[in-house]
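Here we start with a single chain on its own, the form predicted on its own, put down as structure tokens.
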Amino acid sequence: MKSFSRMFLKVQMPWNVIIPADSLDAKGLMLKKAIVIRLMDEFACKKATKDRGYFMAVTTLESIGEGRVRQNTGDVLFPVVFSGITFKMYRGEILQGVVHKILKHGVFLRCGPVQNIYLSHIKMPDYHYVPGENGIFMNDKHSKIDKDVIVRFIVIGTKWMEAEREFQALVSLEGDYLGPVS
């Protein structure tokens, strides 16, 4: 794994691609295309893993191994290796997210593919909840945290939810230059 911005990782991954027997071309000319299309479909459906984060893109097909015919179906399994980009948050990382839900005790944000990022009111120093039809958080300098506002935060921790195949994160505004940016 190689990191070019800590949240985006360039990874090289092995994968098994199964090509149905009826998709095989006698001359093999369409085989690589069929493998790439199937890999892209499977990659998109996988969503995320605990170790690598969210799958964002396949960048390069590095190698295609020798196909093995499956006994019962006649389908062919090809071991492949590819490079791709994944997204994963790390503790201590400073990121930006968009507020999508405001509650009395904190706000929920989105950042990239991560939909459940929680910022507790306890982790927003100097901000207090202002109730109303559309409640907001505000500080004494009239800086507002409202729905659709971009907020810069620091990641305190992440949690992998296996059943949903997604991450949740707990974040804070405790630090320099953290808070609303729009």
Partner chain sequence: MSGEEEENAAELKIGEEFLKAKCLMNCEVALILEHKYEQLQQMSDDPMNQVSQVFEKSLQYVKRFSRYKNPDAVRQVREYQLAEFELCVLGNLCPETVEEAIAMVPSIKTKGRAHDDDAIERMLNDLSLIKKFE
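The structure displayed is predicted, hence computed values, not measured ones. Residue numbers count along the first chain shown, from 1.
Just so you know, the form predicted in complex with the partner chain exists too; it's not on screen, but the next bit is about it.
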Open item on the list: Based on heavy atom distances of 4.5 Å or less, which listed stretch (150 to 158, 134 to 142, 66 to 74, 119 to 127) is in contact with the partner chain in the predicted bound form?
Closed with: 150 to 158
TODO: Flag residue 102 as yes or no: does it have a non-hydrogen atom within 4.5 angstroms of any non-hydrogen atom of the partner chain in the predicted bound form?
DONE: no
Open item on the list: I'd like to check something about residue 39: if you look in the predicted bound form, is any of its heavy atoms closer than or equal to 4.5 Å to a heavy atom of the partner chain?
Closed with: no
TODO: Indicate whether the partner chain has at least one heavy atom within 4.5 Å of a heavy atom of residue 115 in the predicted bound form.
DONE: yes
Open item on the list: Test of understanding: in the predicted bound form, would residue 173 fall inside 4.5 Å of the partner chain by heavy atoms?
Closed with: no
Task: the partner chain in the predicted bound form - contacting residues of 49 to 81, heavy atom within 4.5 Å - done: 54, 55, 56, 57, 58, 59, 60, 61, 62, 63
